[in-house]
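Before any questions on binding or motion, here is one chain by itself as structure tokens, the form predicted alone.
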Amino acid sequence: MKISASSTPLTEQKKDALILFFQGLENTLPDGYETLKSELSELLEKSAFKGEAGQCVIFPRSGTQLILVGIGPEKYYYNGLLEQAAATAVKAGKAAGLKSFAVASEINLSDTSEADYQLLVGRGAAWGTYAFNTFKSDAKKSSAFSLTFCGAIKDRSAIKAAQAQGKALLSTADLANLPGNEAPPAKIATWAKKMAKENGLTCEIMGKAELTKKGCGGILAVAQGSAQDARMIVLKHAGTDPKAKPIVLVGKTVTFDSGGISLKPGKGMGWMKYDKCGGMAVLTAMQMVARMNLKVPVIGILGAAENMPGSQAIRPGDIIKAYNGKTVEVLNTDAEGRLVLMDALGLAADMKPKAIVDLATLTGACIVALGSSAAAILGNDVKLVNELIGSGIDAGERLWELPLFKDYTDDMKSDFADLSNLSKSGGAGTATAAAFLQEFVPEDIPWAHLDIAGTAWLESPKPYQAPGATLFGARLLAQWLAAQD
């Protein structure tokens, strides 16, 4: 989607549709559109539209149509609803055959800045054009769509950021939605290398031989039962300050998770292609960083492996050694993500970073605790955790902090190795998993873990998106990284 700005007022635009946001029955148009506001009031008197979150209606009229979309009552509002509303409006317009859209350059909405509004709406509109139809034999070629912000605009940097971030989301979405047979570790590595070249990033791929030489026993153990070899993918954005320490993003990229010998139930296993979504968020964030040309150096690491119950698969009771030398007793082969991440975190620590942030669809316990409304965040540095929570609020991706008590670390101790990959008590699954990961990050490096198990994927359709990957985490990471510049 092409996102642009125009000084011509909204009501004078010759576009297919105007998008108008409603907080309940209150329109959010800025001052100066009294005639349009009066027209909207008359339309609402004859309509069932109440401005609820996700509610959308198209009013045909001569020339330019009106798309009214709700963000819900003020007391329930958060920034994510505005981005979802923009996606909903464009998705509905697309279904109606509309291609060009216009919105006001500012919004009458408390607690949302003009820059955040433009970023959220632009990025959401781009996301609204997306459809995963790679395997649909009757799929039609996608049309060209456009969104224009209309009226006086002092600073267009947010609109430029929306264009860059929207392109990154759309670029990665198909890869994120591919099933395991179409997106094995090798293919993801090839995709990442091509993307890096196109965006001015450097890319290093470590295969089985390199990982064996480095002693990355965790990711290699996970891949043992699969015909697909593991890959460790390292992407680097140099930034412009050669003396600055890099920020490292780590993403769990399990291309399909059968559970290994600790086999998952058959029902619903097909959606375990989603277990690569942490890595997909990192891939997207790295593109955003490159397209926005941020000054801060950023490194993205994806640990890509497939977890299968083949004849060479790791067994419950096996003991493996991580990159940093610690030994781990495998009590459950379905707790494989942390084995991949322990090596990736060790490699990240070697880079002497300013901070490390990892993202993973790590625990079902996170879904039990938070559902799909927020991701869990845990870490060893209060400042970093609070910064990420704040960036999540601005970006519309909510995080909720859980504790990292020493009790949880103690619960991960093994009788036969340094650690086990499953807690002894079986409780506090999200926190004990994070406590395990903490053992692979030096205490002097700020680190945060995002468990995105409940937010990374939609299993049923929403007005703003069909079922599939949400790329949760990329938006808040881009927001946070831009603030580090």
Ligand code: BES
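Numbering starts at 1 and follows the sequence shown. No experiment lies behind these values; they were computed from the predicted model shown.
Beyond the structure shown, there is the form predicted together with the ligand, which is absent from this document and is the topic of what follows.
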Non-hydrogen atom contact residue 113 with the ligand in the predicted complex at 4.5 angstroms: no
Can you tell me if residue 358 lies within 4.5 angstroms of the ligand in the predicted complex, counting non-hydrogen atoms only? no
Is it the case that residue 364, even though its partner is missing from this view, gets within 4.5 Å of the ligand in the predicted complex, heavy atoms only? yes
Verify the contact flag for residue 313: yes if a non-hydrogen atom of it lies within 4.5 Å of a non-hydrogen atom of the ligand in the predicted complex, no if not. no
Looking at 234, 186, 272, 131, which is the one with a non-hydrogen atom within 4.5 Å of the ligand in the predicted complex? 272
Can you pick the one in 68, 29, 422, 435 that has a heavy atom within 4.5 Å of the ligand in the predicted complex? 422
Heavy atom contact within 4.5 Å of the ligand in the predicted complex, the stretch among 257 to 265, 132 to 140, 279 to 287, 298 to 306: 257 to 265
What residues, if any, in 449 to 476 have a non-hydrogen atom within 4.5 angstroms of the ligand in the predicted complex? 453, 457
